[in-house]
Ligand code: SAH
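Only one chain comes next, encoded as structure tokens, the form predicted alone.
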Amino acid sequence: MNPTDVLDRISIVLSRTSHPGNIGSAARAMKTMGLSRLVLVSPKCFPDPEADTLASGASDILVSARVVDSLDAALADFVFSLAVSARSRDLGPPPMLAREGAGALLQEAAAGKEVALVFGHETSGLSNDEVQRCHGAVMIAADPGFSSLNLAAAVQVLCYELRLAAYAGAPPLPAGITPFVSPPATHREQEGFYRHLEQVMVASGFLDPAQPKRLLPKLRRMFGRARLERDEVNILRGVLTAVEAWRK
């Protein structure tokens, strides 16, 4: 299935959101990662101008958002759902980490199923009852000393993981961005560089050919770790050529 179609089967559910700005920010976080389906459970203020402002280009997601009065109504047509929670629970399975949870959702969505990711109230999160209405839980491995994420930030993290999973770890780059990739240097090109480097070091007096010690092997090991590209070899040899010209 096309990654876009897979992401279209995933809904973000926000339960009992108190601040409309968080709804707008969450919509923006969704749109930047290619998700578009938003469900709101009993939001305190929606629609609201603050939500529109913080959506910043993602107002279409707010316009198409579905508003319901209970989590049961929100999840009625989904066959798989995960609750996002930072707290350990006595009941239910242990929470998956964000990347594992995203993979589980994608697996279900790729099979043609409708799935949901559920987020709770900004302050209190999801209740035990809400978590138990989902098929599992997922958590973001934040610093234990300060693990409270803003709602929109948590949505952003999970949506990013969903996008990575949908594109098998290699999502397309934004329009206009084309990465330049230089081919790796061949054995011949690397050996030419090492000969040139040795020649310059000897000529400059840095290397005594009668007592080379372990200088050359250590330099080979250092550049070998770097896995030099062709352009990098050309740059280094250009520096060596400039040194030779300067010495003359």
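Sequential numbering from 1, following the sequence displayed. Computed from a prediction, not measured in an experiment: that's the story for all the values here.
There is another form of this protein, the form predicted in complex with the named molecule, and it is not shown here; the text below is about that form.
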inquiry  = On the criterion of a non-hydrogen atom at 4.5 angstroms or closer, are Ser85, Ser124 and Ile140 all touching the named molecule in the predicted complex?
reply    = yes
query = Quick one: does Phe119 come within 4.5 Å of the named molecule in the predicted complex, counting heavy atoms only?
reply = yes
ask   = Is the gap between Leu151 and the named molecule in the predicted complex 4.5 Å or less for some heavy atom pair?
value = yes
inquiry  = Does any part of Thr178 reach within 4.5 Å of the named molecule in the predicted complex? Heavy atoms only, please.
reply    = no
task = Name the stretch: of 142 to 150, 162 to 170, 70 to 78, 99 to 107, exactly one has residues whose heavy atoms fall within 4.5 Å of the named molecule in the predicted complex.
result = 142 to 150
key: Contact set, 177 to 213 vs the named molecule in the predicted complex - heavy atom within 4.5 angstroms   = none
